[in-house]
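For reference, the chain that follows is the form predicted alone, supplied as structure tokens.
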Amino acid sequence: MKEYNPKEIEDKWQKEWEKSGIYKIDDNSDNPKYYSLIEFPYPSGDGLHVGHPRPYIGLDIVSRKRRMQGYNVLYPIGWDAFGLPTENYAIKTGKNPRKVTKENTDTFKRQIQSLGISFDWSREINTTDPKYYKWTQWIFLKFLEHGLAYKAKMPINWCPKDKIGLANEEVVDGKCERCGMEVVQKEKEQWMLAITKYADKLLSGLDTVDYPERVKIQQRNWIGKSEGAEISFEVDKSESLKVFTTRPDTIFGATFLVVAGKVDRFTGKYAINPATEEKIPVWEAEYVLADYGTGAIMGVPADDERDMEFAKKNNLPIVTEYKKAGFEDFGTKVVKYKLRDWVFSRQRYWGEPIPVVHCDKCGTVPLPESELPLLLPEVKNYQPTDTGESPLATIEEWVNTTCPTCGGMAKRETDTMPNWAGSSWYFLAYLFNKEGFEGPVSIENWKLQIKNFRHFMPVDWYNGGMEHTVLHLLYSRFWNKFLFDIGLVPASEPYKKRTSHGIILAEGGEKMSKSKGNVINPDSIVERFGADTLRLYEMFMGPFEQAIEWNESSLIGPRRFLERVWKLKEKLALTKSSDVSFGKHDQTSLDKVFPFATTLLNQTIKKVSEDIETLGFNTAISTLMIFANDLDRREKVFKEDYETLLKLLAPFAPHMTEEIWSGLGHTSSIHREQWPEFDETKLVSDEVIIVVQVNGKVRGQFSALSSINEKDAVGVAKNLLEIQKWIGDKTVQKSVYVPAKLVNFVTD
């Protein structure tokens, strides 16, 4: 029999799939739609490392299963290519960021295609393409038209290293989330998007979507809706200080006021507590946020830990017993949010130009649709200016222009949009027809796309990084809700379902990074082991939503499993319906030959089907391994059973299963076959949790069908990463198996 040669097989079928367009969405299909979406990648110059494909493979498995279930699946890919990394590289090398981006996307595309991901490449998008960002600019003008985009002078978060303004969301523990530099405050005029006007809609929409509860909590906490009261405290009989509190009933226990820096003119003065009519001091403290509430709070030590700590530190009065006030006795009921309007402009080059001009006569004037896209001009120097202006400000021939309204002299806006802009609507861009990108920017052209929006939106399943469950998710929901409100998209929420994946860590548990020299390139893994092995390993190495440590030696297990499936071809018998003997047996009924075989088959179909839906890819693969082992123990294997195994395995290992399927005489792709269904009446037992011990101590566990035998249970247990860690180089002297309950390895 021909040896399993993954390189030869994978090259063959990737070319065949591209030629046939098998994964291209059928615009004229009568089948129900299914829209699978990943967060499109930022194409860095280093190319992919083995952690990048994990979410692509995970949702690829879902998408492949959906196609086999009869859905018309859209699984698109593109590039989120504006932003600081490419610009910083351009500054360092002097290389044009357009050229850098093209080189990077070409590398990423080649690497992704080598993994057999079933993306529809005909819908590939790139946020730096003028055909794309002309619509990003148009949407911005819609925000401006409806009063949700405005310019305001304000203190902003400024990164001295990157020389860029940052949104509050981009500052972590007082530092720039990108470079780690300490952020400073700087007065500057900035473009803002009034996301706060959508705070309640963003909150209420969370009740209608299938997101993990922790993601909903993160979103709610970031928006930070608080119902409370504003209370005025008279200060020196000449002015008053207004505080916000969620506990106005505790006012009788207030013994001091605390203000943030922006209202520190009150520091050192005394205010009158309207409940007790006593004088209480006004202090300044860092724990009061200037941009939340009124920037001032009342200190009630008995009811707040921070107030208590502050009072003790500064020898302030502490009242432990006091009467409670009514909720509206001393103030006005109000609702406040932690959410702030989005700082939308950046003083950088590599971003979408903001399509407005500034005219002394007419003020801020939007460009007409006919002038979009406003192209990003070529510059010689990409370095931001020390004055805080964008490099675009130095290009006089571009900056100086005429006003679209009066025809007089005007100057272009030189700030650019943040990298969040293009990623806030890309899920819609995948649905554009050819006219959407090739045609003019106009409301009429946008409306031509609404038919596709109605058909495909909302996204059925969206998977992305856990680090993006606040910012990107919030921003893109905001953009979609705005477009919905003005009648340009059909659904208020863009995503029905959202899940997240854990990252892949380098060996040793560290995060992969070029500086640490621990990055694993998938090209070398594909070359040595094959793409199907890499796909299988990344799904088998641990729970999909958890961070997992890379262990190259563990690739051997998935590779051997694929080889075992490959060799099962040698055992094929005639079909079950054939009236011939089966091996040494006279019965034609598989049930009589192997009493548990039919049960195991149906349990396998059920478990793999359900595990894919819950992202339990590791347990789905364990189940397939057990089923394959069961087939391997038989003298002969019925073709129907083998083909069922291949269909269930196809989403995980698409190349090898396609090759075997073709070799069995099928002329159509296995990925267009019908997904197997189980017989409910032949499921005699449910799955169980089997505990794994090493020398009597619990070191792991796995789920399996209750009919699992000792050989399979020991094999699965031994392949668990957490068990391999405890066994190490030791010799397993004995394996103890308690059926469907426990495996214990005794080592020397």
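Please read these numbers as outputs of a predicted model, since none were measured by experiment. From 1 onward, residues are counted along the sequence shown. For the two forms, the rigid core is made up of the largest set of C-alpha atoms that agree within 1.5 Å on superposition.
Below, we refer to the form predicted in complex with the RNA, which is not included among the displayed structures.
Proximity of K7 to the RNA in the predicted bound form falls outside the 4.5 Å heavy atom cutoff. Although the partner is absent from this view, K734 contacts the RNA in the predicted bound form, with a non-hydrogen atom inside 4.5 angstroms. Looking at R306, you'd find a heavy atom of it within 4.5 angstroms of the RNA in the predicted bound form.
Interface membership of T246, defined by any non-hydrogen atom within 4.5 Å of the RNA in the predicted bound form, is confirmed. Among the residues W79, W461, Y382, W222, the one placing a heavy atom within 4.5 Å of the RNA in the predicted bound form is W222. The partner is absent here, but in the predicted bound form a heavy atom of K725, alone among K12, K730, K725, K24, sits within 4.5 Å of the RNA. In the predicted bound form, every residue of the candidate spot (R214, I548 and I626) has a heavy atom lying within 4.5 Å of the RNA. With the partner left out here, the RNA still marks one of 389-397, 485-493, 143-151, 614-622 in the predicted bound form; by a 4.5 Å heavy atom cut-off that stretch is 614-622.
If you take 717-748 and check each residue for a heavy atom within 4.5 Å of the RNA in the predicted bound form, you get K725, W726, K734, V736, V738, K741, L742, N744, V746, in sequence order. Once you line up the core between this form and the one not shown, the Cα of K24 stays within less than 2 Å of where it was. Core-superposed comparison between this form and the one not shown: CA of G58 displaced by less than 2 Å.
A628 is not among the residues whose C-alpha shifts by 2 Å or more between this form and the one not shown once the rigid core is aligned; its shift stays under 2 Å.
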